[in-house]
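Heads up, the chain below is alone and in the form predicted on its own; it's given as C-alpha cells.
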C-alpha cells in the first residue's frame, strides 16, 4: 500500500511538472508568434504597446524581463523592458538607458523603441558581438514615459499634437500638463522654459514635481554608478544633441561626446542618406534647461544624448507611417554605434569612461563652477 501511495504521489508530481513546462512552452510560442505578427511599420495605441511588451517578455525569457518603475499622474504604469543575458564570468554588468515618448505627440519615438527591441531580439543569437555586449550590459528600454499624454493624443485630431503630461493646472494657472523634458533637476527653470502653465515648455512648479520625471530620476539614480549611457529619443529635426542645454555650461568630455555623436551620425547617413547634425542644444537648436539628457550628465553618466528623429519640417510630429521603417533603421544603427563605443571603451580597456570632473582645462573648471552655481549638483 505504501508503495502505491508513493507511486501515486510521484506520478502526480510528474503531471504537475509537465503541465508547468507545457504552459511555459505555450507562452513562449504565443509570445514569439505575437511578436512576428506585430506591425512595426504602424503607430500603435498604448494598450497595444502594453500587450506587445508582454509578448516580447513571454517569447524571450532568457533575454527580456520587465519592470514597472513608476506611475503617471493618472495612475498608469510606467513600464520598461530590460534586455540582457547572463554573464557566466560573474562580472559586474553595466547599464544602458533608453527612453521614448516623453513628449506625447512624437509618435515616431515609441515606434523606434519598439523597433530597437525587435532588432535586438531578432539578431543577438546570430551576432556574436551583440551577444557578448548583452552579457556585459543590461539595456533598459521604456517605450513610453508620458503614458497619459500619449493616450490623450489618440483621442481625436484636436488632441493629436498634445506635447505635455496631463497633470492638472497649478493653483496660479489654468492649463493642464507639464513639459516633462523641462522638469528634471538640471539647471531647472533657468533658460528655455516657461512658468505659464498654458505654454508647451511649462516646466512645472519645481524640479521633479511630476511623477513621470520623478520616476526616471529615482530609478536611474539608484544605478548611476553602473550606467554608461543615457539615450532619450524625440522628434523632429534630425539632430543628435549632447549636454548641456544651458549655453554657459559645457560637459567635461565635450570633445568625446561630439566625436562619438558624429560617428553615429555618419553611420545613420549610410542607411538612407539622411543627414543628422551633432551638437549641444544652444549650438544647433535652442537653449533649454531641465532636460533628462542634462540631468543624466550632471548626475555623472558619461555619455548622454538626445536623438531628434525625422524629419526636418515637412511633416514634423505628423511623420507618415511609410517613414517609420527608414527612420527606425537609421536610428537603430546610430544608437548601436554609441552603445558599441561605450561598451568597448569600458570592457576592452579596464578603465571606465570619465564620470566626474577629472579634466583640468579652463573649460572644464568653468563647467564645474557653473553647474554647481546653477544647480548645486557636481558634474
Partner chain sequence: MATGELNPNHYPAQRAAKVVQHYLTTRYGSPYRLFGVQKVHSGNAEDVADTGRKYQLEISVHEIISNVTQTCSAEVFFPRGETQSSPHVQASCEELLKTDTKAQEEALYQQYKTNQGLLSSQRLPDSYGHIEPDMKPFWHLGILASSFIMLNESTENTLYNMAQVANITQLATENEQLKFDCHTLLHDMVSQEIIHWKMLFTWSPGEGVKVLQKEQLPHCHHCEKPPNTN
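Positions refer to the first chain, counted from 1. Quantities reported herein were computed from a predicted structural model and do not represent experimental measurements.
Separately, the form predicted in complex with the partner chain exists; it is not shown, and the next lines address it.
- With the partner chain left out of view, the stretch that reaches within 4.5 Å of it through heavy atoms in the model of the complex is, among 140 to 148, 153 to 161, 81 to 89, 206 to 214, 153 to 161.
- Looking at the partner chain in the model of the complex, residues 175, 282 and 313 each place a heavy atom within 4.5 Å of it.
- Contact check for residue 43: a heavy atom falls within 4.5 Å of the partner chain in the model of the complex.
- The closest non-hydrogen atom of residue 61 lies beyond 4.5 Å of the partner chain in the model of the complex.
- Among residues of the shown chain, residue 201 is one whose heavy atoms approach the partner chain to within 4.5 Å in the model of the complex.
- The closest heavy atom approach of residue 342 to the partner chain in the model of the complex falls outside 4.5 Å.
- With the partner removed from view, the residue among 47, 33, 39, 321 that has a non-hydrogen atom within 4.5 Å of the partner chain in the model of the complex turns out to be 321.
- If you take 258 to 279 and check each residue for a heavy atom within 4.5 Å of the partner chain in the model of the complex, you get just 277.
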